[in-house]
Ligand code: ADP
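One chain follows as structure tokens, the form predicted alone.
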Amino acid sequence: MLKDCHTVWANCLRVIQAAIGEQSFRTWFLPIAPVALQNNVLIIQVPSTYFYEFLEEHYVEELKRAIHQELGPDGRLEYSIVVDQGNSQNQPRTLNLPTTRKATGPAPVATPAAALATGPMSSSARNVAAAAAAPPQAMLRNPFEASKAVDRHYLHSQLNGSYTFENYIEGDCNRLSRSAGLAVANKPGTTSFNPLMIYGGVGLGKTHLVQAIGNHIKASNSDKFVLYVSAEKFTNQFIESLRANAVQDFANFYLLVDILILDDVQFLSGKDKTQEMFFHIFNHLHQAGKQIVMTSDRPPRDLVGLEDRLLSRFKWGLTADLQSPDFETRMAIIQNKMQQDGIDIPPQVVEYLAHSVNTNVRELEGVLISLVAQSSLNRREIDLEMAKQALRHIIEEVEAEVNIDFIQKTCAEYFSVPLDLLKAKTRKKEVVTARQVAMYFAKEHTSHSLKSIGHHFGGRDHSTVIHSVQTVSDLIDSDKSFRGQIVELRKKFAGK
């Protein structure tokens, strides 16, 4: 019966798996693919030259024994090494090499000492490789809690359980990132979003989102070891491992991880040794189908001080950004936060806060905490006047700047109509004129979107705002008296 390469390699894997540990088998043999069986020569494809070197250094005897058992004494093994991943236009480039070691007796045990033998690999690469091949006993010396590696459920994920998708408010500013994060959380390591890089400015919710990914995975895949760590802590751990001569233990621990979440990766800038260690850990986790999630304060192309080989790997998956939340999203965040804390505040206070704090979510939450504290200390219900008084040192005083509230008040007074009618459904001519002019100046003097402006005028849609702005513009061109009114009103806003 003729054998094919897939059958031969499957039988070889059974022999090898029985001889080595499960972790080593998954790391070094599952990524291998059989290519061909030609004249009693089995050709297998490995992901890199490094992979080939490590197999030849540590598992050549197991490979020879398996080949001998399947193909007889004349059977031989040859490696097809991927040297270029290629792209949509070019096929991957490979290099074929024969096995270089001769059998010299019983297969050696892959120990940490053997893994650190001199060779073409860097010290970091050898440490990571040794960690992948190390027997369970070696894990017992790990200072990073890996003494419990026999049962990874005891390893602490460093996640904050309060960060979930349920309390992460979705808006136009974060929709792509949240959707990608949820896809990764549902199928870690199996989507094309590996690695997933989330970037954005300070306080926009990067940490919340990536920890929500980790918490979701832990809740639905209890057998997965999820680890959240900041790049600063990763660096400090690595420095400590160097000082304690325990770099291999450091690598041991990180190769236990199924989902690695590295926060603020820009912190690795300029730290060459730490970058090298992370590079090799990244490679091993990625090749083993583990999920990698990272955050940064800028896109990969703008990261300075990181090695090109790291930056190229950051681009293998998906890079998604977080932007400053728009007015509607800020309102939703405030309402959600107050609901979680069991606090009821009037809609006009919500609008005031959402309008006044437009930088980031963290500052917005800080303002809310301050407001609640003032309310509690003064034993007073939260209202608009109290909000303005309590937060006068935190929020730029809205009375001193041109904003929608000021524009509405000024226009209502100028046209002698009640302020509340600007937000009502009435179609009286004098009210409609005042409302349209107020919308016109809101578009001119504020950064609010058309949708946001309409929201401030009784929940009208953006098309109403467009119509109002166009109507006022046309009247300015055609009506001299009306043009004079606009000039007078503009003077009231010019000094603000």
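Start at 1 with the first residue shown and count on from there. Keep in mind that what you see is a predicted model, and the values were worked out from it rather than measured.
Another form, the form predicted together with this ligand, is not on view; read the next lines as being about it.
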query: Contact segment among 69-77, 373-381, 421-429, 203-211, judged by heavy atoms lying within 4.5 Å of this ligand in the predicted bound form; finding: 203-211
query: Residue 365 within 4.5 Å of this ligand in the predicted bound form, heavy atoms; finding: yes
query: Contact test in the predicted bound form: residue 167 vs this ligand, heavy atoms, 4.5 Å; finding: yes
query: Residue contact check: residue 174 to this ligand in the predicted bound form, 4.5 Å heavy atom; finding: yes
query: Distance check, residue 225 to this ligand in the predicted bound form, heavy atom within 4.5 Å; finding: no
query: Sole residue of 361, 255, 331, 180 within 4.5 Å of this ligand in the predicted bound form, by heavy atom; finding: 361
query: Contact residue in the predicted bound form, chosen from 163, 193, 327, 282 - any heavy atom within 4.5 Å of this ligand; finding: 163
